[in-house]
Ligand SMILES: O=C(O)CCC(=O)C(=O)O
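One chain is shown next in structure tokens, namely the form predicted on its own.
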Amino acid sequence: MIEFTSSFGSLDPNDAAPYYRDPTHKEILIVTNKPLDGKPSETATAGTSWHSDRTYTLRPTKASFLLCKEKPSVGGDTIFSNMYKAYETLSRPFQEFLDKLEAIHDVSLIKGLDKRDPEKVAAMKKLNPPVIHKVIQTHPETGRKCLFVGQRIRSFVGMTEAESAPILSFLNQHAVSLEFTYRHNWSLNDLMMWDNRCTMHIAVPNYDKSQIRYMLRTALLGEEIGRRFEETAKAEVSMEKELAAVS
């Protein structure tokens, strides 16, 4: 898997989530409900909310690869959503409004994170402080605009969480409209590949948890497109102080 997927570009060593890597191959992330080293897996609920991979980092994933090694008899599908279509079907005034917005992506919003080892979670949060990305992205290869949202966004820059919530709710519901989605029913040894820059996906947890779902994931490192939220916050505080001193 490493040899094949690395032919498309530089693989992510998974430094943003080092605790869930394959013990002998750091490029492979293990996503499973299968016990590991005699302990319950901490990635059993990984990916069970709509997201694009690693948006909580400065370099969101360029492309992702998921290999199915074990699967439940029924369920455990993955659904993908076309974020080009999600953007293109919005009204022009709303597109123009969103084009000015930036969103704060927060690793602490990963679903199920509260059920993982607290020390690992604390370390992940330290490794991945909140970052800012534009809500509308222009794909660097196709030149098409796409919506860049998901359920790991805290709020929009300059707006309160209360102000942001209804807009985020609408965008996340709109983005996963049935006509924009593809649902993949896994077969053993299927390898799915997708462009993470213009899609979202979700692992559907609709299967008997006594049955094993065991997936291996590799990913291509993306370009650095974000900036740290804390740096922006510090700059705003500094500017406010300067304005107060002048006034």
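Everything numeric here is computed off the predicted structure, so don't read it as measured data. From 1 onward, residues are counted along the sequence shown.
The discussion below concerns the form predicted together with the ligand, not included here.
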Candidate spot N82, Y87 and V149, all three in 4.5 Å heavy atom range of the ligand in the predicted bound form?
-> no
Contact label in the predicted bound form: F180 to the ligand, heavy atom within 4.5 Å = no
Exercise: L66 in contact with the ligand in the predicted bound form, heavy atom 4.5 Å = yes
Contact test in the predicted bound form: T78 vs the ligand, heavy atoms, 4.5 Å | yes
Though only this chain appears here, would A203 touch the ligand in the predicted bound form if you measure heavy atom gaps against 4.5 Å?
-> yes
Scan 36-54 and note down the residues that get a heavy atom within 4.5 Å of the ligand in the predicted bound form; none is a fine answer too.
-> A46, G47, H51, D53
